[in-house]
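This document starts with one chain, in the form predicted alone, laid out as structure tokens.
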Amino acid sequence: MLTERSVLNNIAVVLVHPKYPENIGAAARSAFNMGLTRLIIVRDERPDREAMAKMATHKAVHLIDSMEVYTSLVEALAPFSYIVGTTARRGRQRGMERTPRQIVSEMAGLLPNNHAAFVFGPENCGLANEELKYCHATSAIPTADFSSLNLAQAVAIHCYELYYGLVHEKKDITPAPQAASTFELEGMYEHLEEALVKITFLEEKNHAYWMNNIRRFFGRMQLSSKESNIIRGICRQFMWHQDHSGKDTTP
């Protein structure tokens, strides 16, 4: 029975281009209070340590010192097999948002064998559509008429729901198989996009729209590494036949 705190070790909090080091420290404090110990930021440079440490307090300052810093989101997300993007904005390209509680319930079975990331956008604008395309699900915190929560508050609510749903409730968790990592999936999507352009399925006008829908379609399937490689192999064959159609390939 996999309900112990160890499943929390497979979850990371990812902050994309946070503007204020104090918010990073407050996020670290919230995460550690709820048993999460992996903090990642996407930023061009490491923020001021003292400003972060002051808000983290001495009990969570080790999360600041062990914090991973990347300059690109795709690099930061490479090891993760399930990614949740947090958003307060609605839109056709953003998919169907669920509450943090719904997200935790849906993903519980993945955690014993997979690494998951909760991704939070900048304080002033949140995650862009280009960043949300890497996410398997989007989470929106239910609020009354005014939906503006600051970064640390959003992190705290999600971390609480993770701790409550995975540890406090002590549910039996049936482990799901290991899924393909983001690194593997992005390679597959690149191959797939190239093949679909070559056979003129993707045209310039609706290119991004259809690729986002294709990503959501495969994202719901939770492909394994083997399955993502099979799709890449099919794409390579498509492109080979497209390049050699009408040519004499007799040795």
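Keep in mind that what you see is a predicted model, and the values were worked out from it rather than measured. Residue numbers here begin at 1 and follow the sequence given.
In what follows, reference is made to the form predicted in complex with another copy of the chain, a form of this protein that is not presented.
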Exercise. Answer for N9 alone: is it within 4.5 Å of another copy of the chain in the model of the complex, judged on heavy atom distances?
Key: no
Exercise. With heavy atoms only and a cut-off of 4.5 Å, decide whether Y134 touches another copy of the chain in the model of the complex.
Key: no
Quiz prompt | Proximity of C125 to another copy of the chain in the model of the complex, heavy atoms at 4.5 Å | solution = no
Quiz item: Heavy atoms within 4.5 Å of another copy of the chain in the model of the complex: does S72 have any?
Solution: no
Quiz item: Pick from 126-134, 73-81, 107-115, 157-165: which stretch has a heavy atom within 4.5 Å of another copy of the chain in the model of the complex?
Solution: 157-165
Quiz item: Within 4.5 Å of another copy of the chain in the model of the complex, do we find a heavy atom from each of G35, Q153 and Y209?
Solution: yes
